[in-house]
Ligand code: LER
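The chain that follows stands alone, in the form predicted alone, written as structure tokens.
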């Protein structure tokens, strides 16, 4: 398993669970200085990132790109894949596709989290799930064309009322027959929704494509009450060899959060 840390370039997301903010070059420099293997980037849009510049930053700092988030699609542009407005849904799919195309240049996946939306306000749950399924099916095809994967993240009940557990996410994806969409297991969301986090990971098995490495309070691992040893045992058991990425609150500050994450990572992964 490999370490990664988050960099947000979206001013509208300030206060959210990202370790580094605003400055991509500085974020990469600090990530490398703290010993991370990769960065996970949350840009305002695909065209806000110069791919050649990003390649240089990654190479100069000895980093890989773990994933690229699409959260700005909702936070900044108010797009969701389950909007009652078909035009908005189409724009949401186009936004995700553009992020996927950017990420694929670095052999990295894109993440769908908050852009999945929710049901209500004129959309029933069956309708919302149908819209989400249709979008994921289209995006699965795009992932196949790019030779990459897409990550779908179940969120806790306070952030969506669609899919909240790994088991429900796996059921959704297997029912659709998609081949390139994996599940993102966020340990913070799982702490809220899962009966047993380790068992949920075991049951999801090969469907797990990425892990957000966070404690129960969304702070750095080791600063809450999550027991990481059975979680790590479950990840080893399912053969997970991807990233443990710190999508966490930068508390008490960014550097302290990064240091704590790497201390815990080295303690439990080696």
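Positions refer to the first chain, counted from 1. The structure displayed is predicted, hence computed values, not measured ones.
Although not depicted, the form predicted together with the ligand is the subject of the following passage.
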Original post:
Should residue 140 be counted as a contact of the ligand in the predicted bound form, where contact means heavy atoms within 4.5 Å?
Top reply: no
Original post:
Does the ligand come within 4.5 Å of any heavy atom of residue 155 in the predicted bound form?
Top reply: yes
Subject >> Contact test in the predicted bound form: residue 89 vs the ligand, heavy atoms, 4.5 Å >> reply: no
Original post:
Counting only non-hydrogen atoms and a 4.5 angstroms cut-off, does residue 218 reach the ligand in the predicted bound form?
Top reply: yes
**OP:** Would you mind picking the one in 199, 159, 168, 193 that has a heavy atom within 4.5 Å of the ligand in the predicted bound form?
**Re:** 159
**OP:** Determine which one of 77 to 85, 185 to 193, 99 to 107, 122 to 130 lies within 4.5 Å of the ligand in the predicted bound form, judging by heavy atom distances; exactly one does.
**Re:** 185 to 193
Subject >> Heavy atom contacts to the ligand in the predicted bound form at 4.5 Å, residues of 1 to 35 in sequence order >> reply: 17
